[in-house]
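As structure tokens, one chain now follows by itself in the form predicted alone.
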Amino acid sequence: MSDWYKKMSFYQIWIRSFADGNGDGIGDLWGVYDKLEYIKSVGVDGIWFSPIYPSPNADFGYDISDYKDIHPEYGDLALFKKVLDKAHDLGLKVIMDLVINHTSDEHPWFQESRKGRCNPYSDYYIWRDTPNNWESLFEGNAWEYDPQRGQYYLHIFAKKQPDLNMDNPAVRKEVEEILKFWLDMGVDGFREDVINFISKKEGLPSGVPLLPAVNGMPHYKDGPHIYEYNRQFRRVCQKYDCFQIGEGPMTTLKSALKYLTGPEKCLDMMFSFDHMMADCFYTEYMHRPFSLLKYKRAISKWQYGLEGRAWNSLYLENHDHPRIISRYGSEVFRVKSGTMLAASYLFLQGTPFIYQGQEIGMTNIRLGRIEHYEDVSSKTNFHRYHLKDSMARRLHRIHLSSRDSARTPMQWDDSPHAGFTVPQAQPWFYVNRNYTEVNVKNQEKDPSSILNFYRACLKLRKSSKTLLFGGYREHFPKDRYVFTYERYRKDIRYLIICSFSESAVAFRVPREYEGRTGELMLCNYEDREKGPDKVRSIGFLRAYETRVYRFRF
């Protein structure tokens, strides 16, 4: 299998909120088709589609009712093929979301399975007469009683997302057929959802009572047959030169290496979560003040740990996390912190992923009532919060943490509904009020915009073998305000300096750079001229300033 993905960057589309092409208030494939040239202009090389399959939308597409079709609200298979062909014509790869830990309870497999124990689908899911004590990650107890079958079924996530029984060879055969269906159509790979959960421990033992919501995770994360089953699926993909990236919640570096290297290798990359915990504990719903030290430790752990052994995935946003400027940056210094955050990760070793709206600096939405939110996990966590907290306090915590902040309609221009849909339609979800300022149209004509900074970063990254394949070294890891790292290859080095402070701060350069003349390639302050620049041992950075230097040693 080739490693074409190492030179690439991807743009993630959460289709429901991307672009409405038929005027019904819901994003769709018509909208994607019309925006493919824009996606290409950002500087990416591929698209990752979050699920676009038929779904009742209990978890907005991650509860699939048919793996081999397109949700009617988004189009059909013929339209998808049209989008796929145009993307390929533009030089864009396309990867799909593969969700095989669970289905929707409206999937025909589950409808047949619940009928009883004597049909071909009876063991497609995990049924028990007596449930254990596991809690689900989204919705209360992990077991739901089904009166039709007279048993409980397991759901690690929402009640409408029953877990598949991957120990059943027939289920694994179904997964192989799903892979072949989309690969035969021409897709280039898969992002594999919670792929480290698909093998459960035999007997399904009870979990530790003192770990609410995750008490069962030791028994369903990295289970006994996880590598065997994933290797089975990889054998299908290898016939197509297919790219596979896994999502592995709570995956450690040690665990990820087993998926990515050696005899157990079954994935090309793994999405890590450590760097997304710099302002929370375990989940965004347990908020803490942002710590640059935590962010840097997580970044460097994975950069050093995978270097020369496997390949990193690089991201700051996706459909499961609130907007990064509202978390690690500053909405007051939106442009400066947004551009700085881009440089803090786009020049690391690995393949970058950019989530829709991230490239223009979209921010969290703040809704006035919990009933205005759509996300099942947001509603569940709101009601889990301590009842002694005021309503305003509980709602504030949702403002900080809700996945819905990443799912507001894309802000294309300053027309009604941010240009997401036609003026006479009603968008399926609320548009952020800042759309008149924060939108693609405004930023296209502003050379110092976040959008154009992303373009510049991706262009520079793509032009340099050092930035693509060079080594990584962090400097001053205990600096609480500045993230300084270098990329090196042969005699070329890049030094990336990122201030995470909204005030001016002093910074140092590594000793070997003192007094050297480097070329300033990028800076997010327009008054700092690019070109040759003699670097002093100590200098000052303005609020959220970032600089990217190139040196020849």
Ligand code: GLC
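Position 1 is the first residue in the sequence shown; the rest follow in order. Just so we're clear, the structure is a prediction, and the values are computed from it rather than from any experiment.
There is another form of the same protein, the form predicted in complex with the named molecule; it is not shown, and what comes next is about it.
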{"item": "Non-hydrogen atom within 4.5 angstroms of the named molecule in the predicted complex for each of 285, 363 and 404", "value": "no"}
{"item": "Segment assignment from 173-181, 294-302, 224-232, 187-195: heavy atom within 4.5 Å of the named molecule in the predicted complex", "value": "187-195"}
{"item": "Contact flag, residue 268 vs the named molecule in the predicted complex, heavy atom cut 4.5 Å", "value": "no"}
{"item": "Partner contact for residue 157 in the predicted complex: the named molecule, 4.5 angstroms, heavy atom", "value": "yes"}
{"item": "Contact flag, residue 494 vs the named molecule in the predicted complex, heavy atom cut 4.5 Å", "value": "no"}
{"item": "Residue contact check: residue 379 to the named molecule in the predicted complex, 4.5 Å heavy atom", "value": "no"}
{"item": "Candidate from 274, 320, 374, 144 lying within 4.5 Å of the named molecule in the predicted complex - any heavy atom", "value": "320"}
{"item": "Contact assignment for the named molecule in the predicted complex, among 443, 312, 161, 356, heavy atom within 4.5 Å", "value": "161"}
{"item": "Heavy atom within 4.5 Å of the named molecule in the predicted complex - qualifying residues of 49-81", "value": "59, 62"}
